[in-house]
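Before any questions on how it binds or moves, here is one chain, the form predicted on its own, in structure tokens.
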Amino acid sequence: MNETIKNTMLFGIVAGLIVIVGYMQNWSSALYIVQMGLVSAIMALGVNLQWGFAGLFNVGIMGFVALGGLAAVLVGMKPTPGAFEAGGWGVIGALLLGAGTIFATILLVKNLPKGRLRTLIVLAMLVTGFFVFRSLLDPSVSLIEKINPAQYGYLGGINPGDGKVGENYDLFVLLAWPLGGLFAAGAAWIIGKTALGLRSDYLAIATLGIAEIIIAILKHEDWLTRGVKNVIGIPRPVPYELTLQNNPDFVERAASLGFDPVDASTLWVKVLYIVLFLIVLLILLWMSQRALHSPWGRMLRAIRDNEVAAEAMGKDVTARHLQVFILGSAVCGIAGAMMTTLDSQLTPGTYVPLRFTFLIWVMVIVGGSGNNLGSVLGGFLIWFLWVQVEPMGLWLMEQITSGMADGSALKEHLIDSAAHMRLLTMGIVLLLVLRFSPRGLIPEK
């Protein structure tokens, strides 16, 4: 079968499954699958850059996604009244002091000769810097978190608009998407400078640990993200449903098409998000394809396949690994900012590194590692299964047990087991693909 026809058929099958959901359930659910499928495809593209292009085993994906979510808060939300005056300057001063202490320590380590004296000086500087840092940070943080903690208790963001839910859309929040990529890229640079020299399994452990650290910071630094109290009401780049429902022109158009205004507003908002997300995906896919077929992309694949041979040919393996690690992480950060904007809230407790990292890796492996179109296909297919398998499993179990007596222990057990259908299905799909198409549904050329 021709490759183009095969790929078109695969995407057509996934599209058909989503259309079936629209007819069998409702179109809101179908459009939600498309929304999150686009975001998942972007995350899969980022991981494919790292693993498919360069063979870097990064399992800290959720840390970079969480940094994208932080960018949505810092850009989308208004500054908390009085918070910066109360302790903002103290926090900034403490962070600068901490960074200066680390920088000065690095200079001392480089310039002083090895020995006990250098160890003692470095230790004294770090201990002193830590206590001075905390003495400046803690009072400032306390002052910020005391400002109306039920509603604020954090610094807020930089949005100059009103940012009020239900009144209007706010295009300023779109700046959070590239900024989320920059946040993730900065963190990836720091991580890469310290961890990319590790063997692949140790790199995986390091990235997972760093992702846990990032998420722990978001959970516990209330002055920055409100912690587990969550930041809600992040402005959206599309109109709110209530605004559309109060618009006579929109209501009239919806009625002329046979839609209830409430349903029409929900569907229209989802469509607008899909358009925005699709634009981002197409731009990133085009850039990834250009990178894949460029001399830089060919060099990365050569390094992936044989580092020793590539290094013998004069290629700087570490520098290239750092480049692609930063780029892939930046893509994940963009997806994280998009997802937080879609939800209109930042909930640090939902970033579960192992669970969702596993899901993104399944998307890349099933779609086809090293193939950008395969990553996009895997993103849509696996997200569809993740959302739909549990209700499908519940329906199946109800049909199987329909002839059993009510109160039967076996019937209750089978119905309760439907909750585990997601992970079971992911495992079965992964095994089937690895057995019959080990290079993925759309393999790398």
Partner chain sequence: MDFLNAIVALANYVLIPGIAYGSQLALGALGVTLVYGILRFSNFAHGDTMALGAMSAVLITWLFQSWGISLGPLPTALLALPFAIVITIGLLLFTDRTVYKFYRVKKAKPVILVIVSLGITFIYNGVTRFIIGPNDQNFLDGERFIIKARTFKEMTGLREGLAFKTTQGITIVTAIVVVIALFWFLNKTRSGKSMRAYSDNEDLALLSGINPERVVMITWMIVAALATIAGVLYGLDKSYKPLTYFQLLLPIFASAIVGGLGSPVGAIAGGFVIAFSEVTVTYAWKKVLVYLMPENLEPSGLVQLLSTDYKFAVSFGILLIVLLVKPTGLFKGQSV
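Positions refer to the first chain, counted from 1. Think of the rigid core as the biggest set of C-alphas that the two forms share within 1.5 Å after superposition. These numbers come from a predicted model, not from an experiment.
Omitted from view is the form predicted in complex with the partner chain, to which the following refers.
Proximity to the partner chain in the predicted bound form holds for all of L198, I213 and R435, with the criterion being a heavy atom within 4.5 Å. Of the stretches 89-97, 234-242, 220-228, 314-322, only 220-228 has residues with a heavy atom within 4.5 Å of the partner chain in the predicted bound form. None of the heavy atoms of G22 is located within 4.5 Å of the partner chain in the predicted bound form. Within this chain, K270 is remote from the site of the partner chain in the predicted bound form, having no heavy atom within 4.5 Å.
The partner chain is not drawn, but in the predicted bound form it has no heavy atom within 4.5 Å of F384. Mapping the unseen interface onto this chain, G153 falls outside it, with no heavy atom inside 4.5 Å of the partner chain in the predicted bound form. For the options P79, G209, G161, P139, the one in contact with the partner chain in the predicted bound form, meaning a heavy atom within 4.5 Å, is G209.
Proximity to the partner chain in the predicted bound form, taken as a non-hydrogen atom within 4.5 angstroms, holds for one residue of P261, G370, G129, P353, which is P353. Residues are counted as partner-facing when one of their heavy atoms sits within 4.5 Å of the partner chain in the predicted bound form; in 419-439 these are H420, M421, L423, L424, M426, G427, I428, L430, L431, L434, R435, in sequence order. Relative to the superposed core, V39 undergoes a Cα shift smaller than 2 Å between this form and the one not shown.
Annotation for Y240: C-alpha shift under 2 angstroms between this form and the one not shown, rigid core superposed.
With the core held fixed, R355 shows a CA shift of 2 Å or greater between this form and the one not shown.
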